[in-house]
Ligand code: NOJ
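Just one chain follows, in the form predicted on its own, and it is written as structure tokens.
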Amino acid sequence: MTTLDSRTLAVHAPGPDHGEWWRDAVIYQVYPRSFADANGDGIGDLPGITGRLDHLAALGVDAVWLSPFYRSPQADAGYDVSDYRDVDPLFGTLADFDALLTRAHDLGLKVVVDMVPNHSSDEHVWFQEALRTEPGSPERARYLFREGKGADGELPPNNWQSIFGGPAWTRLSEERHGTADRQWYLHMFDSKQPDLDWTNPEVRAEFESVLRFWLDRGVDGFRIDVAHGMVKADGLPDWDGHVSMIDGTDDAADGDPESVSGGGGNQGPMFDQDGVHEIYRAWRRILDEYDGDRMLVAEAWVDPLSRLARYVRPDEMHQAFNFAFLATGWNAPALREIIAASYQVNDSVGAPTTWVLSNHDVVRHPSRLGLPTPGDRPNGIGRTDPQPDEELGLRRGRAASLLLLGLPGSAYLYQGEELGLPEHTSLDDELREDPAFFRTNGAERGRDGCRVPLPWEADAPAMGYSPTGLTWLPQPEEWKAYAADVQTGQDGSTLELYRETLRLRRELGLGLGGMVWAEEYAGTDQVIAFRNRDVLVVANLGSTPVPLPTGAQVLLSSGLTGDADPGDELPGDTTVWLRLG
């Protein structure tokens, strides 16, 4: 290739140079129990996070999202909340949270906290009150209690299945108040996570109060768990479909951007009902009362993309995770279609596109992309399952991250991905804690493999995670090579690649930039190439090298040691950022 063809196709127009912070923010997810343990009990905590915030500031992210740290019996790692206004003693105190918030703000980092409104813990005071009262009581009306079917109420009210496996209904104890209790309660997740009834004004008022509690403390936003699940179809009708964390297909629909799917939408009468949008309009009005551009981001596994865009209309949420991008795998034509369709539907409502590759619910993307079929999305990987190719997965993972961070919009990183961490795929089953593993009798390995404590210092106890060497899940010995101290200052390391990528992304304004396809590569099924401001991003998802334009300056390359400078050709499974003369 001698020159870059000037023929291009605009996909996304640049935004204003100075938009709200969340429009182009890079936000780093901290999973508190696995980030850093300050008190040595083997479980990460808020002081541990505070002590490692300098790492995030040096990395170059704009904000921190904290997974739940509220009071909880920890049946689902904190996503079963028993008190939404307090910190669980496992993680510290409210004073520890305030100290974390202050330190983060001093470092220029925003703080986003998780909100879990679809369900509470069965140990929440509301649910305990419901158990002590008669059917039909105001206390039971806060949850989805229903009469069982059959002569004695021995059958569940409908045929819904839990996302974690097994029935979505649990019957109350047969004898209460001296009479048989025919009622069952709905739990779309674990039986210790009863679903709240969002048609109840008391439920709505309580969560609006909870939002204000944390906003008043100074948080900058909320990530909304199961944002598409709070409202159920009237009558709770039977449904014969299948639900899972990442249900759905990867197929695009007839090339129509409005109907492109790929995120693995949760289907059925328990998801994506129109009534959820009334809730978010009310929440948006509350956030708009506060200064500082407070924000809401939706965890909504919905299809098609046009349905997802409804969550980020101007009077609702600010962001919604683009799970279609996460779920598409390593396929250039499919990714191009998802990228273009995402911009079309989000631009139509004035919202940024919010990119993500990994989180606490999915296999880490270097391991997903190293599987024999790199588009696979298993619910966990165990020692007897097909194993990823670690080197190939890291190579593709770095290339995917450089592609993602070159796209305009906001981006989310999952703790440890800046180290290139793979999934822990050899974890002994008897050590697993994910309820999905137990409710499916091991058919799903669950999410423990992506939640293993981080390696900070290769030669320290627990690799620097805990001063005593205790860890709630064991760290693989091979993770020493991924430790942050080993990679710091090391040319070509994944950590230094992320630091330089984030520095350039901010310096060049790529998050608020525009996107134009580079048509020179349009006839190549293995390449994604686009221009964002003055940067040409070229990702080669194939195995055959492709030519690069002459005279281009290589700003960044995802290549591993030995091909970090691609020369005139871009190797397979590699992404570069170029500046043209």
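Just so we're clear, the structure is a prediction, and the values are computed from it rather than from any experiment. Throughout, we count residues from 1 along the sequence that is shown.
Separately, the form predicted together with this ligand exists; it is not shown, and the next lines address it.
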query: Segment that reaches this ligand in the predicted bound form - one of 234 to 242, 479 to 487, 381 to 389, 220 to 228, heavy atoms within 4.5 Å; finding: 220 to 228
query: Partner-contacting position among Arg140, Arg310, Arg451, His318 - heavy atom within 4.5 Å of this ligand in the predicted bound form; finding: Arg451
query: Contacting member of His360, Arg182, His277, Arg377, with respect to this ligand in the predicted bound form [4.5 Å, heavy atom]; finding: His360
query: Arg23, Arg294 and Trp355 all contacting this ligand in the predicted bound form, non-hydrogen atom within 4.5 Å; finding: no
query: 4.5 angstroms heavy atom contact with this ligand in the predicted bound form for Tyr79; finding: yes
query: is_contact(Arg447, this ligand) in the predicted bound form, heavy atom dist at most 4.5 Å; finding: yes
query: Non-hydrogen atom contact His187 with this ligand in the predicted bound form at 4.5 angstroms; finding: no
query: is_contact(Phe164, this ligand) in the predicted bound form, heavy atom dist at most 4.5 Å; finding: yes
query: Heavy atom within 4.5 Å of this ligand in the predicted bound form - qualifying residues of 287 to 311; finding: Glu299
